[in-house]
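Presented as structure tokens, the chain that follows is alone, the form predicted on its own.
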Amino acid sequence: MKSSAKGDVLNVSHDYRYQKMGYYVSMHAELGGNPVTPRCSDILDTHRNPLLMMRAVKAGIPCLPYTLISRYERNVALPALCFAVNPYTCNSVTAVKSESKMLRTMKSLSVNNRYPVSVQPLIGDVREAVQVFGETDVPEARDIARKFYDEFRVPIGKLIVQIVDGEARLSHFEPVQKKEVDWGLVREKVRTLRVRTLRAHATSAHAI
């Protein structure tokens, strides 16, 4: 944050939430006129469930349908997964199987009906897949992880998926805990990208 580095910036963090260090590193790089991965706009889109879903569908990622509601509604199909859209709550995946819990969940995630809540049908097994540069150890989610990274360019994060009839569908994205990340793999990926960048610059300079 105190540096004035110029050039391409690769921001590797396990937590890119708004007002967290990972987010501000990307903001600092952008304000300095540097190309940065990930961009602030991509970070914000991944952390707001409806925006994540809209972009993911356009990118060809299989997703669950969602409904935005701002207060408790009796006609909401249960069971369901609920996700906060307000800017203050993260890691908000809440499975709801009864009307009484839906009422409590809506009050909490909407901050007393001030913000909408994204609601998805709960129709499969919920799995967490940590993705690192588009790779994951969860076999069913590998295609989603690759497409997610291609679209959003967020190096590290947790994909929440539902396994429906043996196939994964994207439900949500969250930051991961530091201990959940294979940092050896991260260092390996960073070294590979650095070598590719240096070779590309060398080829460009030779051509000139």
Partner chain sequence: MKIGCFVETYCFHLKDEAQALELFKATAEARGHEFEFIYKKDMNRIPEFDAIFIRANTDPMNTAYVVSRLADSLGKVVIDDPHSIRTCSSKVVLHGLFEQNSIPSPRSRLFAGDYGRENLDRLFEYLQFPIVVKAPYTKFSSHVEKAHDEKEFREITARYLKNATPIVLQQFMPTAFDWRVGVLDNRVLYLCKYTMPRGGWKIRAEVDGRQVWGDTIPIFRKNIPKKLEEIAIKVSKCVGDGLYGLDVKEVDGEYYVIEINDNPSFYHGQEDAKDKDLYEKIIDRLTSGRQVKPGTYKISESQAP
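Numbering follows the first chain given and starts at 1. None of these values were measured; they are calculated from a predicted model.
Note that the form predicted together with the partner chain isn't included here; everything after this is about it.
Looking at P62, you'd find every heavy atom of it more than 4.5 angstroms from the partner chain in the predicted complex.
Shown alone here, Y115 lies within 4.5 Å of the partner chain in the predicted complex, counting heavy atoms only.
The closest non-hydrogen atom of R55 lies within 4.5 Å of the partner chain in the predicted complex. The partner chain is not shown here, but in the predicted complex it comes within 4.5 Å of a heavy atom of S41.
A heavy atom within 4.5 Å of the partner chain in the predicted complex is found for exactly one of H28, R146, R153, K158: H28. This chain is displayed without the partner chain, yet in the predicted complex the stretch 29 to 37 from 29 to 37, 138 to 146, 163 to 171, 178 to 186 comes within 4.5 Å of it by heavy atoms.
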